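Encoded as structure tokens, the following chain is the form predicted alone, with no partner shown.
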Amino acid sequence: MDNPAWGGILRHMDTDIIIVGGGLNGPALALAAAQAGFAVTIIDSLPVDQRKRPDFDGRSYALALASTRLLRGIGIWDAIKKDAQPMLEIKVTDGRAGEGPGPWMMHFDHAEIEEGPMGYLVEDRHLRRAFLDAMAADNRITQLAGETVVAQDMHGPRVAVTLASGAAITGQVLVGSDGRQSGTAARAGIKRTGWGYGQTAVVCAVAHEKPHGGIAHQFFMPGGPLAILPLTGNRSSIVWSEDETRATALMAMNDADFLDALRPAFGSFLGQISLTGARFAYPLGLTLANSLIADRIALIGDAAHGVHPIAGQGLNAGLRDVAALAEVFGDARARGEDIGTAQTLARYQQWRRFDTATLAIATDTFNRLFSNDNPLLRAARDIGMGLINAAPGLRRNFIREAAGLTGDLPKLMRE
């Protein structure tokens, strides 16, 4: 529920779970935890009307099949499925802008697995609105929008946060879902490990003449990968990673000049293209929290692990955090345990730590291997792609990985 009376009057609230961050992972955890019977308070620095803006701003997400199972489980998939584009195939190629793809390719087809499409592309606006509407309809969830946390502290078996408005909230556990610059992690003394790539992702969407057929394309160029991801209708989402200087120049261009720069990399296979929505730029780097937990604190999503978008797994990894943490909380309550104890939170860290570290290593390695024009590396990766594509067993493993169906899946992602 919203709390419109919350404001400048000093207030105190007690809850089970405090979540800082109202992006996507925070609301997903709020809904999953509320369904398990917990009282949840979610603190979002942005006002609700800013989160629910109906216009398309060019941003979208590639949701793995396992992630859509989670969304179905927490009750929001029905609200967005009509606006979700199934991802039926993935084609991975290597080359240079203006020269077309190289001779070797990896081609993944959803027909090689039994579960269905590998995933879906969903626009940011549809996903955020569905989360906000579902939280507003659940009386176990209190949304505090337009609020920021300025302090956090431990009070015996409780954790307390103080808001900029002067209000205080106490709970059994505090969850940081507040991004790569997580204030929750910093206040808890959790250090981070990481580095920048000297790359920036330029994100936008284009309309095109020809249908995309539900095919996602990943084109590796010397400056970084270009992802062309199918949206509903004759539209595609673009994630174009380039070196910082080139990306800055691309963002400074007017729309016509930007399209002229994009066309040689995009190609002509979908006919004429035009921009739809705005362009965004995101500096790329790797950042890992050295611990996913602290005293009565857990981190999820980018607050725990920010990786390169090369495989489109950032949000999917965060949603796997959500499903795992919600299950840990539910199991602890069923055993009569305090959900905020070190023993309880250690189960979450043990579950997610290896998976997130593996993802970080994989995306870092892929980016370093493919974002260059070294002829020896180029020959090696092209041969590697050809060998993988020629091996049905390896190809099927990659397809299941892309669908999020590998590893120790939480219950919310199994069916």
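What you see is a predicted model, and the numbers here were worked out from it, not measured in a lab. Quick note: we count residues from 1 along the sequence shown, nothing fancier.
Separately, the form predicted together with a small molecule exists; it is not shown, and the next lines address it.
Participant: Please state whether every one of the three residues Gly224, Glu242 and Ser371 places a non-hydrogen atom within 4.5 angstroms of the small molecule in the predicted complex.
Facilitator: No, none of Gly224, Glu242 and Ser371 comes within 4.5 Å of the small molecule in the predicted complex.
Participant: Look at the stretches 43-51, 30-38, 380-388, 350-358 and give the one with heavy atoms within 4.5 Å of the small molecule in the predicted complex.
Facilitator: Result of the contact check: 43-51.
Participant: Exactly one residue in Leu270, Ile190, Leu262, Val203 has a non-hydrogen atom within 4.5 Å of the small molecule in the predicted complex; which is it?
Facilitator: Looking at the other structure, the residue within range turns out to be Val203.
Participant: Which listed residue (Pro86, Gly75, Gly179, Gly116) meets the criterion of a heavy atom within 4.5 Å of the small molecule in the predicted complex?
Facilitator: The option sitting close enough to the partner is Gly179.
Participant: Could you confirm whether Asp94 comes within 4.5 Å of the small molecule in the predicted complex, counting heavy atoms only?
Facilitator: So Asp94 does not count as contacting the small molecule.
Participant: Does Gly23 make contact with the small molecule in the predicted complex, using a 4.5 Å heavy atom cut-off?
Facilitator: Looking in the predicted complex, residue contacts with the small molecule include Gly23, since a heavy atom lies within 4.5 Å.
Participant: When the contact criterion is heavy atoms within 4.5 Å, does Ala62 count as touching the small molecule in the predicted complex?
Facilitator: Answer yes; at least one heavy atom of Ala62 falls within 4.5 Å of the small molecule in the predicted complex.
Participant: Counting only non-hydrogen atoms and a 4.5 angstroms cut-off, does Thr148 reach the small molecule in the predicted complex?
Facilitator: Thr148 belongs to the contact set for the small molecule.
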